[in-house]
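Below sits a lone chain in structure tokens, taken as the form predicted alone.
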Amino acid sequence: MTVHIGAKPGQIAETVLMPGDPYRARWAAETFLERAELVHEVRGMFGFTGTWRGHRVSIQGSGMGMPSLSIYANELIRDYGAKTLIRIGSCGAMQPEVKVRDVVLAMTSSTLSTPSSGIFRELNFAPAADFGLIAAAHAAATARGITPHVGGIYSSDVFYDERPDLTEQMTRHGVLAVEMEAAELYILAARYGIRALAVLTVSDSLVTGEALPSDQRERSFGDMVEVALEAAFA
């Protein structure tokens, strides 16, 4: 048991899916896992453990933003022995070819700052996904008839951004989408020598202004969860 995760030793699997929303964690566990058990609910940030095709899996909410994810990822790795962390979440498209409901596999994640920025000081560290995971996720998506977008994304410190100039330059340089957690996840994975990947569903577009209604999000996110699970155990 840690400060933020109330699970007992042995209750967390080595493979953990991490949605930001704790209610999405509950939905994913109830929808995709067999014998899903709620192993803790400290601060309402649900954690579940069950099995998928015989493989033990945990699904742990991370909260919104890199500082929150950093807390849960650190404890999962250091105190519970997690070896594979896969973020499953939403993102906003930044390129015209990236459409609402599309799946994005984040190869790299640019950012202005993360909770780890103080460690690197003047170095612009380039956080990246695990190659084996991203290759397996691409294969899993393709087998399901999905053509995922693979490339760089942007992890933002803020939800209500006021930097249209920065957005313009990222779009110009091919950044696929924006979200708020992946960069710190990839940095922690590099620090601790584990595997990490962000599998994202496009919920809205900064290009067209289109947005996925909330009542349709869960149905669209199902492919993302399946791709993440298949990649984890390929």
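The structure presented is a predicted model; accordingly, all values stated were derived computationally and were not measured. The numbering used is simple: start at 1 and walk along the sequence shown.
Just so it is clear, the following notes concern the form predicted together with hypoxanthine, a form of the same protein that is not shown.
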Non-hydrogen atom contact V42 with hypoxanthine in the predicted complex at 4.5 angstroms: no
M170: heavy atom within 4.5 Å of hypoxanthine in the predicted complex? no
Going by a heavy atom distance of 4.5 Å, is L206 a contact of hypoxanthine in the predicted complex? yes
Quick one: does V178 come within 4.5 Å of hypoxanthine in the predicted complex, counting heavy atoms only? yes
To verify the annotation, which of these, C91, A137, L76, I153, has a non-hydrogen atom within 4.5 Å of hypoxanthine in the predicted complex? C91
Within 4.5 Å of hypoxanthine in the predicted complex, heavy atom basis, the matching stretch of 198-206, 46-54, 66-74, 28-36 is 198-206
